[in-house]
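Before any questions on binding or motion, here is one chain by itself as C-alpha cells, the form predicted alone.
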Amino acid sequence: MKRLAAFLALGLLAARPLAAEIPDRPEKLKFEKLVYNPPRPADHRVQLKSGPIAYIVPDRTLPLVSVTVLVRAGAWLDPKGHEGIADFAGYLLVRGGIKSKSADELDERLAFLAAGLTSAVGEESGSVALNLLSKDLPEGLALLREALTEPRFQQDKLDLYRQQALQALQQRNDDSSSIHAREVESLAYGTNFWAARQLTGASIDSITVDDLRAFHKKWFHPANFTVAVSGDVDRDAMVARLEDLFANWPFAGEKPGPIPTDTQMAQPGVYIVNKDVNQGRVSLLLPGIKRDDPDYLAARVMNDVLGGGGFTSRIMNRVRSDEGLAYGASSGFGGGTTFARPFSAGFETKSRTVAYASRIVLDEIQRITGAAVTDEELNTTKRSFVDTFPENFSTKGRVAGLFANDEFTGRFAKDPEFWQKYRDRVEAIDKAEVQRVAKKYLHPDKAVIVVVGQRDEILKGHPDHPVKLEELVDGKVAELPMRDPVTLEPLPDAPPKP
C-alpha cells in the first residue's frame, strides 16, 4: 500500500505542470499551425480520346466506385413557353427506362446490384451518376452507356411525373417561401431573363416524349461531358473503360451556345406581396458579382463579417441576439459562375417588426462601408476560411467532384492554381480591402427589398420603433400581385403590377 501511495503521489506531482499549462479560457488555447497541401487537379486530369475530360481519383479503402458525368445542358435551353423540358428530360433519362429494360426492370436490376443510377438537369448543368460495388463496374458502365445513348422516356413515366409536377404547382402559394423565391428571381434578374421564368401548367402540359428525345439527342454527347470517377479503380484500367464508354457515339449532337447573362435588376424600392402568414419574409437584394471577379474572395470575406458567418456576423448579432427580432438572419455574396448572382440579406420576423429589422440590416450595410472591420472580426473570418479549407478534399469523391466541376465551369482553364493559392489569397485580405469591396458593391440606396406577409400589419410598423417601410428606399413601396399558382396570372383581387 505504501508503494502504491508513493506511486500515486509521484503521478500527481508529474501531472501538476501539465495542469498548470491548461489556460483558464478556451480562446487562450494554442494550436500548432496546420500544414496541409491540397491535391493538384493536373495529377488526376485525363483527356480522353473520345472527347471528355475525366478526373480519376482512386480510393481502395472500400470496394465501391462512383462515376458522375456532368452534362453541358440546362434550363436556359428551354424554349420560352415550354419551360420544364430540361428538367423533365433530366429526371426521366434514367427513371423512364432504357432500350434493353423498362423503367421497372431497370429499377429491379439496380436494386439487385445494390447500385444507384440517377440523372438530373438543373439551371446550368445536368448530371448522370452511377454508384456501385467495384465488382459490378462492367455491368454498371453498360447500363450507364445505355442511359446516356438510348433512354426510353416511357410515356407512362412522363405522365406520372407531369401529374406530380402539376400537383406541386397547385401548392406553391401555400407557403410564403415559394412565393418569395419566385418574386426574388423576377426582381433580381428581370421577368424576361431565362432564370426567372417559371413553370406553368401550360408549359408542363406541352411537354411530349418527342421533346425529351430531341433534347437528349441534341445535348447528351461526349463533347458536352466532363467526368468524375472515384473509388476502387486502377487509373489506367479506368481510362480504358471510359474510352469504351464514350466511343462510337450513335448521334452527333450539338454544343450549346453561351448561357445568356442579360440580367436586369428591378428599380430600387420595397416590393410587397400580401399573404396572410404569421411572419413577414424579407430579402434585401443588391447587384452582385461573378465567381471569377478579382474581388470575389474579398467580397466573401466581407460578407462573412457582415452576415455570412452565422453567430459571429453582425446582422445575426443585431437582428437576433441584440433585438430578438428573428430566429435567424444572414446574408450571401456567393458569386455566379456564368452571370452575376445578387447580394442578398434575409430574415423572417413578426409583421410589425419587418420595417425595423430591415432598417437594422440597412444600417449594418452602411456601417461596414463606413468604417473598417475590427482585427478580431477579420481574424475570425479568415481563420474560418483557412482552417476549414481541408474539408473541400475530405474524401476522394469530393476531390474528383470538385475538380470535375472546376473543369466544367471553366475555373481550371482560367485559374489552374486556384486551390493552391486560395489560402494565401485569403490571408492577404486586410481591413482596407474589406472596406473597399464593401464600398464598391454595397449601396443601400440601390436596394430592392422583397417582402411577403400581412401587408396592412407590416405597413403599420412597430409602436416602439418608429420606422416605416416606405422610408427605407426612396419612399417607394410597390405591391406585387398574388398569382395563380398554376398559370401565374394575377388573381382577380390582386392589384395591378407596377
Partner chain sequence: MKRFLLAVAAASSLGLPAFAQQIPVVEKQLPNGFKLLLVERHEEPRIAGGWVAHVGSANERPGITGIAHLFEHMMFKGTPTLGTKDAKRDLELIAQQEVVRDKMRAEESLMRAALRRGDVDDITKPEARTERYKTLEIEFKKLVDEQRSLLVKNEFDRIYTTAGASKMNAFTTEDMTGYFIEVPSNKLELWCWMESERLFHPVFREFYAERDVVFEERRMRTEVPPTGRAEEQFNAMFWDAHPYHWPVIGWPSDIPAITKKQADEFYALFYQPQNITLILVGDFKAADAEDLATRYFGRIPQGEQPAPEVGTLEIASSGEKRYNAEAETNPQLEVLWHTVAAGHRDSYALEVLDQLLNGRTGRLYKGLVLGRQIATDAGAGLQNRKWAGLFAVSAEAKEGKSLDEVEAALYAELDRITKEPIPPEELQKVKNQFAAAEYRRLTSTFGILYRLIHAEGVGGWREINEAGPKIQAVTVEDVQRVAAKYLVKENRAVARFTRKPGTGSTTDDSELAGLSAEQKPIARNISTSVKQEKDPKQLKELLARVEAQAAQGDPKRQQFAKFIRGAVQRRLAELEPKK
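Residue numbers count along the first chain shown, from 1. Only the largest set of C-alpha atoms that superpose within 1.5 Å between the two forms is called the rigid core. All figures in this text were calculated on a predicted structure; none of them were measured in a lab.
What comes next is about the form predicted together with the partner chain, which is not displayed.
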| item | value |
| --- | --- |
| The partner chain in the model of the complex: contacted by all of Thr61, Gln171 and Arg383, heavy atom 4.5 Å | yes |
| The unique member of Glu146, Asp78, Glu407, Glu348 whose heavy atoms fall within 4.5 Å of the partner chain in the model of the complex | Glu348 |
| Single option in Leu133, Ala142, Ala223, Ala181 placed near the partner chain in the model of the complex, where near means a heavy atom within 4.5 Å | Leu133 |
| Interface segment, criterion being heavy atoms within 4.5 Å of the partner chain in the model of the complex, picked from 26-34, 44-52, 467-475, 437-445 | 26-34 |
| Contact test in the model of the complex: Asp211 vs the partner chain, heavy atoms, 4.5 Å | no |
| Interface membership of Ser176, the partner chain in the model of the complex, 4.5 Å heavy atom rule | yes |
| Any non-hydrogen atom of Gly190 within 4.5 angstroms of the partner chain in the model of the complex | no |
| 4.5 Å heavy atom contact, Gln267 to the partner chain in the model of the complex | no |
| Heavy atom contacts to the partner chain in the model of the complex at 4.5 Å, residues of 94-114 in sequence order | Arg95, Asp104, Asp107, Glu108, Ala111, Phe112, Ala114 |
| Is_shifted Leu29 between the shown form and the other one (CA, 2 Å cut-off, rigid core) | yes |
